[in-house]
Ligand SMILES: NC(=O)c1ccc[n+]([C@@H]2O[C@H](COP(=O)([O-])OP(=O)(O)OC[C@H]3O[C@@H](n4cnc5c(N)ncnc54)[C@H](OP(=O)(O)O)[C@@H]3O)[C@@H](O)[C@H]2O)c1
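Only one chain comes next, encoded as structure tokens, the form predicted alone.
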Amino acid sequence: MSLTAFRTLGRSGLVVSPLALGTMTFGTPRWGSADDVSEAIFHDYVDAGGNFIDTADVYAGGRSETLLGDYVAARRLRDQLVLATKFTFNAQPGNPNAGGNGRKNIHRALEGSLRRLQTDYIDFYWLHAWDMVTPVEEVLQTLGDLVRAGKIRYFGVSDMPAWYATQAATLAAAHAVPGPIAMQVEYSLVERSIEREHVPAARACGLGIVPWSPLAAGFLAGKYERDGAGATGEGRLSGPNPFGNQKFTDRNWQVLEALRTVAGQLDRPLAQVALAWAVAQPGVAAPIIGASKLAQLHDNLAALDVRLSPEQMRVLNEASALEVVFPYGIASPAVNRGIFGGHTVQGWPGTQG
């Protein structure tokens, strides 16, 4: 597989590469990349055939968008690329209308992103996070109006409950208005919680899944060594970060060992195998890869050539399996066959894959 093995994003006509380039590292001093390296990463991704680039107004205080806008303009690539950015996070402390998902902030955020990206439209606009306040009807109407006005082409939702994405998609379908076509959520071998609700919701509603942090902020790249309740190593998790020490759990270290075993069998770097697992998951459209060095980008892109055998998938899936919690125990194949099929129906629907 290559970056030009394009696919449509969700139930739409938007065509994207199987790996998206994340630009959170652009313009970020501590764990990001220098400007010349960011530019080289952009060029190498595009030259390899990639077309899907993800940023946000909050990344590096807007500098990520500014750099990306410069790179795109310099090569006159605007029509060839699918540019995705996000809104939600507050940009003006003390001003409650400069954050959240209300109509006022969406328009404010969009105008800023358009200016920094040097474009008059956004291909894909993400609601960055559920704000727990704005009615979904207001969000749908605002974003739908922006689609009709040509300011954005498509939109999706990120970091939200599964029911919220389902409600938005259902209302849009019922009223025949523009609706979300994808969800962006954390998903990796050590973070599979979305499989309980988000993945089934996405597949039922025709939403493509765009995983962020498929390498668990570098944990699955083998950057860290266990050190008591924490770890040693250089990377995003080695200093102040949104995850704290939550990646350094007994379960996650066990998952990492299973990953090492499979990577050793394939003679591939851990990061490539972890990404190959993510790419192969049902409903996944395009995991977002981030790189602070050119070598990391090339390493990640090579994951598209990795093929995991059924046995290797089994090893990784079993090591990283979710704990069975209510009500999923009741919905298991064995229980389904007894409760609903009365043990008499061998092909009871709930027992099928």
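So that there is no doubt, residue numbering starts at 1 and follows the sequence shown. Since this is a predicted model, take the numbers as computed values, not measurements.
Below: the form predicted together with this ligand, not depicted.
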Even though the partner isn't displayed, in the predicted complex is S158 close enough to this ligand, meaning a heavy atom within 4.5 Å? yes
Can any non-hydrogen atom of P18 be found within 4.5 angstroms of this ligand in the predicted complex? no
Answer with yes or no whether I289 is in contact with this ligand in the predicted complex, where contact means some heavy atom within 4.5 Å. yes
So in the predicted complex, does any heavy atom of H128 sit within 4.5 Å of this ligand? yes
Thinking of this ligand in the predicted complex, which stretch from 109-117, 220-228, 162-170, 257-265 has heavy atoms inside 4.5 Å of it? 220-228
Between the options L207, V273, L143, L215, which residue brings a heavy atom to within 4.5 Å of this ligand in the predicted complex? L215
Even though this ligand is not shown here, does it sit in the predicted complex so that N51, Y154 and Q281 each have a heavy atom within 4.5 Å? no
Check each residue of 1-38 against this ligand in the predicted complex and list those with a heavy atom within 4.5 Å, in sequence order. G22, T23, M24, T25, W31
